[in-house]
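This document opens with one chain alone, in structure tokens, the form predicted on its own.
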Amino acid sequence: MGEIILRSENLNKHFGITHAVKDVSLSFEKGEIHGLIGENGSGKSTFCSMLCGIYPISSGRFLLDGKELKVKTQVDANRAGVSIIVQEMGTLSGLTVAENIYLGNEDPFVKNGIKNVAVMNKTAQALLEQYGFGRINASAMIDHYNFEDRKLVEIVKATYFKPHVVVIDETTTALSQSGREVLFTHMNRIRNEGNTVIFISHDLTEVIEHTDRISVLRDGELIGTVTSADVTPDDLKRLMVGRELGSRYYRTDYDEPVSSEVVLSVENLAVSGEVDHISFELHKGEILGIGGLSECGMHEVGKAVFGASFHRSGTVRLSSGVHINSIPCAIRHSIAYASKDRDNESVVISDTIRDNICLPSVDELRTKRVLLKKRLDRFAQNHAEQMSVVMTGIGQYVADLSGGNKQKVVLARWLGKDSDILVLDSPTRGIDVKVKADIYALMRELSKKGKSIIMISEEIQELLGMSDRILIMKDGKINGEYRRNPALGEEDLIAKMV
């Protein structure tokens, strides 16, 4: 066994009556990439949040290089030599790229109480160049950059000061394949410098390929630690869920006819710099997959259909003839939307599960213009239970939920609305295999009831496994169209993506 850099001893975390982490004692070695996996709600992100000062520890402790680690904030953790790259957005709007990189660590640029912005920008730009991100301007506002570029900035922010331990929590789900390769390069660099990476991901093949050892949590408890080279994805699934989990959670049918009834027509749709005059139709009961590389424009198509795009031209029209030009219009006419950027665009994380589920259905829940608490509670409880949200109650704040349970809340609010058309952008991003299977089963159930789904995905197997028809986008245009077929393979789709 190698030299231990970090150890947790009898670590516990309580959220009210919920025991999220239960007596976990776990060691991490110097110069290793250590995978940490488990189902949503297994405690892995909570474990790392305590390490990084995001959550206080209920009991137990961390030892870093043999000394007890006592941190109350992420800045404290950084100064002690521990950093984290989170799953959702980890940069702050309204600040420049440089200000985000040095947030909480501006002292080197301050003299006599005055911050030397020019020097800070120049130093940050040199870092960006060093990391291979030179196209990002250190002096520009972070808001000018997309989700992936902001993640690249976070890589710099979390690693430039060479911390002893770097936590990477579901970061790959926000990155394209090229972005992932950049991240893996820096993970290997950290390991080669003798420091440690704790890598959290639901992509089990990815975990095996890019780690040295893997620890498995289940229901807040440590199940065990294995050597990555000695296990398969199926081995890890069994450890995660405590039983055999069938690998065939995609559709197995290939001959079910799709209705000829068109429920939505998109004509000559364009969004400046994103989408270049595309047209397509969505049929009743159809699961229409839209795929491509991260910057192909597919994510903007989802927003445009929901009326959420600025500077959109072209038409989005229902079979009734109604034109969808705004979010209220879309909701009013039974269109739902789940964004890839879940925390910022799909839920209100600072509000309760009840309020999030009820929000789109407020008009229907009113009784003579009055919202009755009992009715709201019953509505939210029914739909949270329907989606099997793991929670302390509907009064729990969404911010305290795992990624998979947040996504269940997103889907519960639209099930409550009984929307006829669902635009699901990256619906299984950052979600474990069991919840992923539940969402796929829900999609099939909805399509059989005549609901129509646009599923936007960067996962090729998801597109092949769930879609009745697939549109592949490249450079803002539709570059290929495929109907469901057992002979259709990954190479067919990839050829149209690149």
Partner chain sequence: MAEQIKEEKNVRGALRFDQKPWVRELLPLLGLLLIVVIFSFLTGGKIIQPKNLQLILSQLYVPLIAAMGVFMIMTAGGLDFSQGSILGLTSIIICWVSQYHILLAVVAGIFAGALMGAFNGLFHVKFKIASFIVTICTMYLFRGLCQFITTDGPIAATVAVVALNKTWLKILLTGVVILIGFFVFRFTRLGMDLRAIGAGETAARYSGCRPELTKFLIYVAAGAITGFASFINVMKVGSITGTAGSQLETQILIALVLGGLPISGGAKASFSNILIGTLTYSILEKSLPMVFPVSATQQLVKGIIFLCVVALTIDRKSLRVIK
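No experiment lies behind these values; they were computed from the predicted model shown. Residue numbers count along the first chain shown, from 1.
Just so it is clear, the following notes concern the form predicted in complex with its partner chain, a form of the same protein that is not shown.
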Checklist entry - Using a 4.5 Å heavy atom cut-off, which stretch among 58-66, 430-438, 462-470, 449-457 contacts its partner chain in the predicted complex? => result 430-438
Next on the checklist: Please tell me which of Lys115, Arg332, Lys122, Arg375 lies within 4.5 Å of its partner chain in the predicted complex, judged by heavy atoms.
Outcome noted: Arg332
Item to check | One residue of Leu269, Ile142, Ile223, Ala308 in contact with its partner chain, assessed in the predicted complex (non-hydrogen atom, 4.5 angstroms) | outcome: Ala308
Next on the checklist: Can you work out whether Pro360 and its partner chain are in contact in the predicted complex, taking contact to mean some heavy atom pair no more than 4.5 Å apart?
Outcome noted: yes
Checklist entry - Is there a heavy atom of Ala126 no more than 4.5 Å from a heavy atom of its partner chain in the predicted complex? => result no
Checklist entry - Does its partner chain come within 4.5 Å of any heavy atom of Leu371 in the predicted complex? => result yes
Checklist entry - Within a 4.5 Å heavy atom cut-off, is Tyr160 in contact with its partner chain in the predicted complex? => result no
Checklist entry - Honest question, do Val348, Asp355 and Asp400 all end up within 4.5 Å of its partner chain in the predicted complex by heavy atom distance? => result yes
Checklist entry - Since the partner is left out here, which residues of 313-337 would have a heavy atom within 4.5 Å of its partner chain in the predicted complex? => result Ile327, Pro328, Ile331, Arg332, Tyr337
